[in-house]
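Encoded as C-alpha coordinates, the following chain is the form predicted alone, with no partner shown.
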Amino acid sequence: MRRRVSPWQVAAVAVLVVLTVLYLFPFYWMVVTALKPLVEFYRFPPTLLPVHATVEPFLSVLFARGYLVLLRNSLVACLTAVAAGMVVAMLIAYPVTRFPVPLAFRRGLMNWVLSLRFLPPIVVVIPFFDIVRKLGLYDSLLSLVLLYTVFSLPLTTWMLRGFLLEVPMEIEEAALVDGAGRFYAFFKILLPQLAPALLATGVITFALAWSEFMFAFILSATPRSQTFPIGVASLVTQFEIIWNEMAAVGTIAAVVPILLLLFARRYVLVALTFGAVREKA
(Lines give C-alpha, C1' and ligand atoms only; values in the text may rest on other atoms or scores of the structure.)
Protein backbone atom coordinates (compact mmCIF):
# COMPACT_ATOMS: atom_id res chain seq x y z
CA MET A 1 0.00 0.00 0.00
CA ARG A 2 1.42 3.34 -1.07
CA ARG A 3 1.91 5.94 1.61
CA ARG A 4 -0.21 9.03 1.09
CA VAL A 5 1.72 12.27 0.79
CA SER A 6 0.11 15.20 2.55
CA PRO A 7 -0.04 18.68 1.02
CA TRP A 8 2.11 19.96 3.90
CA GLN A 9 4.91 17.59 2.95
CA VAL A 10 4.75 18.68 -0.68
CA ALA A 11 4.83 22.33 0.38
CA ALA A 12 7.77 21.69 2.72
CA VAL A 13 9.75 19.97 -0.03
CA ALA A 14 8.96 22.78 -2.46
CA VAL A 15 10.13 25.40 0.03
CA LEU A 16 13.35 23.48 0.68
CA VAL A 17 14.03 23.18 -3.05
CA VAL A 18 13.50 26.92 -3.57
CA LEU A 19 15.74 27.79 -0.62
CA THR A 20 18.43 25.40 -1.86
CA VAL A 21 18.39 26.96 -5.32
CA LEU A 22 18.56 30.47 -3.87
CA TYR A 23 21.41 29.46 -1.58
CA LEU A 24 23.48 27.70 -4.24
CA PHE A 25 22.86 30.09 -7.13
CA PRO A 26 25.50 32.68 -6.08
CA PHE A 27 28.13 29.92 -5.90
CA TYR A 28 26.98 28.57 -9.26
CA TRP A 29 27.15 32.04 -10.81
CA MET A 30 30.66 32.54 -9.43
CA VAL A 31 31.87 29.30 -11.04
CA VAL A 32 30.19 30.18 -14.34
CA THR A 33 31.76 33.65 -14.24
CA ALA A 34 35.18 32.11 -13.67
CA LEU A 35 34.76 29.95 -16.79
CA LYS A 36 33.71 32.81 -19.07
CA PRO A 37 36.12 34.82 -21.24
CA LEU A 38 35.94 38.59 -20.84
CA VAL A 39 34.11 39.07 -24.13
CA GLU A 40 31.09 37.18 -22.79
CA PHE A 41 30.58 39.66 -19.96
CA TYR A 42 29.23 42.17 -22.50
CA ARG A 43 26.78 39.75 -24.08
CA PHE A 44 23.10 40.66 -23.78
CA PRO A 45 21.13 38.93 -22.52
CA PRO A 46 23.60 37.23 -20.18
CA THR A 47 23.89 33.45 -20.42
CA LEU A 48 23.54 31.01 -17.55
CA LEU A 49 26.27 28.84 -19.09
CA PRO A 50 29.53 29.95 -20.72
CA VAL A 51 29.34 29.78 -24.50
CA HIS A 52 33.09 29.27 -24.84
CA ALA A 53 34.22 27.90 -21.49
CA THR A 54 37.86 28.43 -20.60
CA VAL A 55 40.14 27.74 -17.65
CA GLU A 56 42.39 30.66 -18.57
CA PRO A 57 41.24 32.77 -15.56
CA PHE A 58 42.35 30.00 -13.18
CA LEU A 59 45.73 29.63 -14.88
CA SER A 60 46.18 33.40 -14.97
CA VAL A 61 45.59 33.97 -11.26
CA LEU A 62 47.61 30.97 -10.11
CA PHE A 63 50.65 31.32 -12.34
CA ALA A 64 50.70 34.65 -14.18
CA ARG A 65 49.71 36.68 -11.12
CA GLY A 66 51.56 34.43 -8.68
CA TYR A 67 48.58 33.56 -6.51
CA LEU A 68 49.96 30.06 -6.11
CA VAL A 69 52.26 31.59 -3.48
CA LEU A 70 49.25 33.08 -1.69
CA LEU A 71 47.55 29.70 -1.76
CA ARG A 72 50.62 28.12 -0.19
CA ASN A 73 50.72 30.86 2.48
CA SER A 74 47.09 30.21 3.39
CA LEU A 75 47.61 26.47 3.65
CA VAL A 76 50.76 26.85 5.78
CA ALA A 77 49.24 29.47 8.09
CA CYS A 78 45.93 27.65 8.59
CA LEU A 79 47.36 24.15 9.02
CA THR A 80 50.00 25.40 11.47
CA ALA A 81 47.40 27.36 13.43
CA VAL A 82 45.12 24.32 13.58
CA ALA A 83 47.93 22.10 14.86
CA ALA A 84 49.08 24.65 17.44
CA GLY A 85 45.53 25.36 18.55
CA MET A 86 44.77 21.67 18.99
CA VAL A 87 47.85 21.18 21.18
CA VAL A 88 47.10 24.20 23.38
CA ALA A 89 43.40 23.34 23.59
CA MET A 90 44.20 19.77 24.62
CA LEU A 91 46.56 21.06 27.33
CA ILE A 92 43.61 23.03 28.72
CA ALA A 93 40.75 20.60 28.13
CA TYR A 94 42.46 17.40 29.29
CA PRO A 95 43.30 18.45 32.88
CA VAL A 96 39.88 19.99 33.55
CA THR A 97 38.10 16.82 32.41
CA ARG A 98 40.48 14.13 33.71
CA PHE A 99 41.95 15.51 36.94
CA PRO A 100 40.12 16.37 40.18
CA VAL A 101 40.21 20.11 39.51
CA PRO A 102 38.06 22.31 41.81
CA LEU A 103 34.77 23.25 40.20
CA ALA A 104 35.32 26.99 40.67
CA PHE A 105 38.73 26.84 39.00
CA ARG A 106 37.40 24.72 36.14
CA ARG A 107 34.52 27.08 35.44
CA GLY A 108 36.75 30.13 35.74
CA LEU A 109 39.31 28.72 33.33
CA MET A 110 36.75 27.69 30.72
CA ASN A 111 34.95 31.03 31.01
CA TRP A 112 38.25 32.86 30.57
CA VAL A 113 38.99 30.86 27.44
CA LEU A 114 35.54 31.70 26.13
CA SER A 115 36.05 35.39 26.92
CA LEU A 116 38.83 35.52 24.32
CA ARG A 117 36.08 35.78 21.71
CA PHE A 118 33.82 38.23 23.52
CA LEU A 119 35.25 41.20 21.65
CA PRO A 120 34.87 41.33 17.87
CA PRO A 121 38.16 41.26 15.93
CA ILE A 122 37.70 44.82 14.64
CA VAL A 123 38.00 46.11 18.23
CA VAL A 124 41.41 44.51 18.87
CA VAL A 125 42.98 44.80 15.43
CA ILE A 126 44.80 48.08 16.22
CA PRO A 127 46.39 46.82 19.50
CA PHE A 128 47.39 43.60 17.75
CA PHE A 129 48.89 45.58 14.89
CA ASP A 130 50.97 47.64 17.33
CA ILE A 131 52.15 44.53 19.19
CA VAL A 132 53.07 42.71 15.98
CA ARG A 133 54.96 45.74 14.65
CA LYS A 134 56.96 46.19 17.87
CA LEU A 135 57.85 42.48 17.93
CA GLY A 136 59.14 42.70 14.38
CA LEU A 137 56.60 40.21 13.08
CA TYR A 138 54.86 42.53 10.63
CA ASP A 139 54.50 41.02 7.15
CA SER A 140 55.29 37.50 8.36
CA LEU A 141 53.26 34.30 8.43
CA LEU A 142 54.20 33.77 12.08
CA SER A 143 52.03 36.71 13.17
CA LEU A 144 49.03 35.26 11.33
CA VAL A 145 49.65 31.82 12.81
CA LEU A 146 49.72 33.23 16.34
CA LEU A 147 46.54 35.27 15.82
CA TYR A 148 44.66 32.42 14.17
CA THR A 149 45.68 30.16 17.04
CA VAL A 150 44.46 32.61 19.68
CA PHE A 151 41.13 33.28 18.00
CA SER A 152 40.42 29.59 17.33
CA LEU A 153 41.35 28.54 20.87
CA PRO A 154 37.91 29.07 22.51
CA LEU A 155 36.05 26.98 19.93
CA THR A 156 38.73 24.29 19.86
CA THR A 157 38.94 24.05 23.65
CA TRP A 158 35.20 23.80 24.20
CA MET A 159 34.77 21.25 21.44
CA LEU A 160 37.57 19.04 22.75
CA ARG A 161 36.22 19.36 26.28
CA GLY A 162 32.83 18.13 25.06
CA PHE A 163 34.37 15.17 23.31
CA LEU A 164 36.61 14.30 26.26
CA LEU A 165 33.55 14.19 28.52
CA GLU A 166 32.07 11.56 26.21
CA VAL A 167 35.03 9.18 26.60
CA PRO A 168 34.60 7.17 29.83
CA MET A 169 37.38 7.69 32.34
CA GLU A 170 37.25 3.96 33.07
CA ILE A 171 39.13 3.28 29.83
CA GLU A 172 42.18 5.23 31.01
CA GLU A 173 41.83 4.01 34.57
CA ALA A 174 41.92 0.41 33.41
CA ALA A 175 45.17 1.09 31.55
CA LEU A 176 46.65 2.81 34.61
CA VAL A 177 45.66 -0.12 36.82
CA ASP A 178 47.41 -2.48 34.40
CA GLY A 179 50.64 -0.56 34.88
CA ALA A 180 50.54 1.92 31.98
CA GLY A 181 51.78 5.43 32.59
CA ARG A 182 49.73 8.57 32.14
CA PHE A 183 51.43 9.45 28.83
CA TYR A 184 51.00 5.92 27.48
CA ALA A 185 47.32 5.92 28.41
CA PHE A 186 46.88 9.30 26.75
CA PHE A 187 48.66 8.59 23.47
CA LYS A 188 47.79 4.90 23.06
CA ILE A 189 44.35 4.67 24.65
CA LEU A 190 42.65 8.07 24.65
CA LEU A 191 43.89 9.66 21.41
CA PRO A 192 42.68 6.80 19.18
CA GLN A 193 39.24 7.20 20.78
CA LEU A 194 39.36 10.93 19.98
CA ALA A 195 40.55 10.60 16.38
CA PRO A 196 37.16 11.47 14.82
CA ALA A 197 36.75 14.37 17.26
CA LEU A 198 40.20 15.73 16.44
CA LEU A 199 39.46 15.49 12.72
CA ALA A 200 36.13 17.31 13.06
CA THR A 201 37.60 20.02 15.28
CA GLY A 202 40.54 20.52 12.94
CA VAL A 203 38.33 20.83 9.85
CA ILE A 204 36.03 23.40 11.48
CA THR A 205 38.86 25.55 12.82
CA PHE A 206 40.66 25.32 9.47
CA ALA A 207 37.57 26.56 7.64
CA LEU A 208 37.25 29.52 10.02
CA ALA A 209 40.92 30.47 9.69
CA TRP A 210 40.86 30.00 5.92
CA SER A 211 38.15 32.62 5.44
CA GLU A 212 39.78 35.24 7.69
CA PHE A 213 40.47 38.47 5.82
CA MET A 214 40.87 41.46 8.13
CA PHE A 215 43.99 40.44 10.06
CA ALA A 216 45.66 39.06 6.95
CA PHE A 217 44.94 42.32 5.12
CA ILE A 218 46.29 44.56 7.89
CA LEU A 219 49.27 42.49 9.05
CA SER A 220 50.69 41.62 5.63
CA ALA A 221 52.09 43.84 2.92
CA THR A 222 53.84 41.60 0.39
CA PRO A 223 53.09 38.23 -1.26
CA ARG A 224 55.51 36.50 1.08
CA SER A 225 52.91 36.68 3.88
CA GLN A 226 49.62 37.54 2.16
CA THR A 227 46.94 34.86 2.18
CA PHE A 228 44.66 33.73 -0.61
CA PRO A 229 41.60 35.85 0.33
CA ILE A 230 43.76 38.97 -0.07
CA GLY A 231 44.11 38.09 -3.73
CA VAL A 232 40.42 38.72 -4.32
CA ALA A 233 40.65 42.33 -3.12
CA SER A 234 43.74 43.03 -5.24
CA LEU A 235 41.76 42.30 -8.43
CA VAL A 236 39.66 45.42 -7.84
CA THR A 237 41.77 48.21 -9.33
CA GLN A 238 41.14 51.91 -9.91
CA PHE A 239 40.61 51.24 -13.60
CA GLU A 240 38.68 47.97 -13.75
CA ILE A 241 37.33 44.95 -11.91
CA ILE A 242 38.68 41.72 -13.37
CA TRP A 243 35.48 39.75 -12.87
CA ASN A 244 36.45 36.37 -14.28
CA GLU A 245 39.76 36.19 -12.44
CA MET A 246 38.11 37.40 -9.24
CA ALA A 247 35.52 34.66 -9.62
CA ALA A 248 38.30 32.13 -10.24
CA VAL A 249 40.04 33.13 -6.99
CA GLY A 250 36.73 32.98 -5.13
CA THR A 251 35.99 29.54 -6.55
CA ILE A 252 39.35 28.16 -5.46
CA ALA A 253 39.00 29.76 -2.03
CA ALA A 254 35.55 28.20 -1.59
CA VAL A 255 36.43 24.76 -2.93
CA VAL A 256 39.24 24.05 -0.45
CA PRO A 257 37.14 24.16 2.78
CA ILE A 258 34.15 22.61 1.00
CA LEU A 259 36.21 19.57 0.03
CA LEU A 260 37.49 19.25 3.59
CA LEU A 261 33.99 19.53 5.02
CA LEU A 262 32.68 16.93 2.56
CA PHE A 263 35.56 14.61 3.45
CA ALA A 264 34.81 14.84 7.18
CA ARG A 265 31.10 15.68 7.01
CA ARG A 266 30.05 12.83 9.29
CA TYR A 267 32.46 13.84 12.03
CA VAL A 268 31.74 17.55 11.59
CA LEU A 269 28.02 16.90 12.01
CA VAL A 270 28.73 15.05 15.24
CA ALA A 271 30.92 17.92 16.46
CA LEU A 272 28.31 20.55 15.73
CA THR A 273 25.35 18.72 17.21
CA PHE A 274 26.87 16.58 19.94
CA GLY A 275 30.40 17.14 21.19
CA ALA A 276 30.34 20.93 21.12
CA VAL A 277 27.07 21.51 22.92
CA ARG A 278 26.35 18.53 25.12
CA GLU A 279 27.05 19.01 28.79
CA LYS A 280 27.55 16.30 31.38
CA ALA A 281 26.80 16.76 35.01
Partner chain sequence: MRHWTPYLLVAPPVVVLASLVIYPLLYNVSLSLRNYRTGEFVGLHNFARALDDPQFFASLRATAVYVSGTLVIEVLLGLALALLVHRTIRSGWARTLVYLLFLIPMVTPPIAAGVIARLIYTPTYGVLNVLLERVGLIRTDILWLSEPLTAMFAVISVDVWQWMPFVFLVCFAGLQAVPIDTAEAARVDGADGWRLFRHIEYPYLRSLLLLVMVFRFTDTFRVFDHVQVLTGGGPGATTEFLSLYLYLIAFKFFNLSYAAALSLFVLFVTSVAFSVLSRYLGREVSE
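If you superpose the two forms and keep the largest set of C-alpha atoms that fall within 1.5 Å, you have the rigid core. Residue numbers count along the first chain shown, from 1. Only a predicted model underlies this, so the values are computations on that prediction, with no experimental measurement involved.
Note that the form predicted in complex with its partner chain isn't included here; everything after this is about it.
Legend entry - is_contact(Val232, its partner chain) in the predicted complex, heavy atom dist at most 4.5 Å: Yes, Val232 is a contact residue.
Inset, instruction - Consider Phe58 of the chain shown here, and say whether it contacts its partner chain in the predicted complex, taking contact as heavy atoms within 4.5 Å. - result: No.
Inset, instruction - Find out whether any non-hydrogen atom of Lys188 is located within 4.5 angstroms of its partner chain in the predicted complex, and reply yes or no. - result: Flag for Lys188 set to no.
Legend entry - 4.5 Å heavy atom contact, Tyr184 and its partner chain in the predicted complex: Outside the cut-off, so no.
Inset, instruction - Within 4.5 Å of its partner chain in the predicted complex, which residues of 139 to 176 have a heavy atom? Give them in sequence order, or say none. - result: Counting only heavy atoms within 4.5 Å of its partner chain in the predicted complex, the contacting residues of 139 to 176 are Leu146, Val150, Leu153, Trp158, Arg161, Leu165.
Legend entry - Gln238 C-alpha shift between this form and the one not shown of 2 Å or more, rigid core reference: The answer is yes; the displacement is at least 2 Å.
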